[in-house]
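Read the single chain below, which is given as structure tokens and is the form predicted on its own.
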């Protein structure tokens, strides 16, 4: 298996965005997805940085794709989606309406926001030009194995969510704006204050979800540390790592070591605790009855970030 870095789900400053993606040039990953997945209002802040990021990553030997929005609703969003095809790179489709803007037979990738749940869907996407599919993160291991076999049959690489807060839903409303008493059109980019999403707790104080503008995320970070061998046996081609603000370069290195057999799961979990003491891990969608379940003996130790 190899490693794919998915699109940044959060709203960071342009300088932070540029520095992060420049750093990926030296990371032990094979491909990177760039662009705006969640909210089109964020794109103008870093859009002019994308060509430089592409050039840097391609020069470093990385495959690069551009993501579509997960929910296309406005005329300007449709135009921006249509413009992706003119960039000369693979487009990762996260809303099937993007296919209307791709010429028939044009190779493309499929992101985890598209509901790919059966072999028939993979066959249809392959006929349409799909060469790589990141499966939705809520699939159990048995289903992953069946879809990986279908992918191999149709020449489509299959990815599985390897690390990061799980994307659960996209809404037409902005939770961050509403929390601050603002409308979506006058959000004043409140989501920028939460570079990894805003934790949401129940009325009883129990950790529950995270919100990111119009997006709902899991509270826990999915982590495939204990599932690498099972996923490899299932025929999965790549793990997807979702960007976060703390220690992402170390996370990339750890997953590379884990795939190479140079890092055991328990040691990896221990190291993750040193990156973010509050990080809760989960792999329950693959193996448990609940997505929030964790197959490890313990969660990461509560230790401070060791830079």
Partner chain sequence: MVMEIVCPAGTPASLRAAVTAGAHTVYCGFADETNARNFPGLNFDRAEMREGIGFAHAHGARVLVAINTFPRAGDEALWHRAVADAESCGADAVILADLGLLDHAARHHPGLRRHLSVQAAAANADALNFYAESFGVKRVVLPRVLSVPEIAAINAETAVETEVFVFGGLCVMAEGRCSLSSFATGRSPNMNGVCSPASHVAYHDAGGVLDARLGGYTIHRVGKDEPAPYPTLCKGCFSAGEKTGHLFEDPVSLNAEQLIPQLHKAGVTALKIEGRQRSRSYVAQVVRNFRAAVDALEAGKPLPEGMLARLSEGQAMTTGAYRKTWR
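These numbers were taken from a predicted model, which means no experiment stands behind them. Residue numbers count along the first chain shown, from 1.
The same protein also has a form predicted in complex with its partner chain, omitted here; what follows describes it.
Peer 1: Only one of 155-163, 192-200, 83-91, 227-235 has heavy atoms within 4.5 Å of its partner chain in the predicted bound form; I'd like to know which.
Peer 2: Among the listed stretches, the partner-contacting one is 192-200.
Peer 1: Should residue 126 be counted as a contact of its partner chain in the predicted bound form, where contact means heavy atoms within 4.5 Å?
Peer 2: Result no; residue 126 lies far from its partner chain in the predicted bound form.
Peer 1: Using heavy atoms and a 4.5 Å limit, would one call residue 101 a contact residue for its partner chain in the predicted bound form?
Peer 2: Close contact exists here: in the predicted bound form, residue 101 approaches its partner chain to within 4.5 Å, heavy atoms only.
Peer 1: Even though its partner chain is not shown here, does residue 105 get within 4.5 Å of it in the predicted bound form, heavy atoms only?
Peer 2: No.
Peer 1: Can you tell me if residue 70 lies within 4.5 angstroms of its partner chain in the predicted bound form, counting non-hydrogen atoms only?
Peer 2: Judged by the heavy-atom cut-off of 4.5 Å, residue 70 is in contact with its partner chain in the predicted bound form.
Peer 1: Using the arrangement in the predicted bound form, list in sequence order the residues of 71-99 with any heavy atom within 4.5 angstroms of its partner chain.
Peer 2: Contacts from 71-99: 71, 72, 73, 74, 75, 78, 94, 95, 96, 97, 99.
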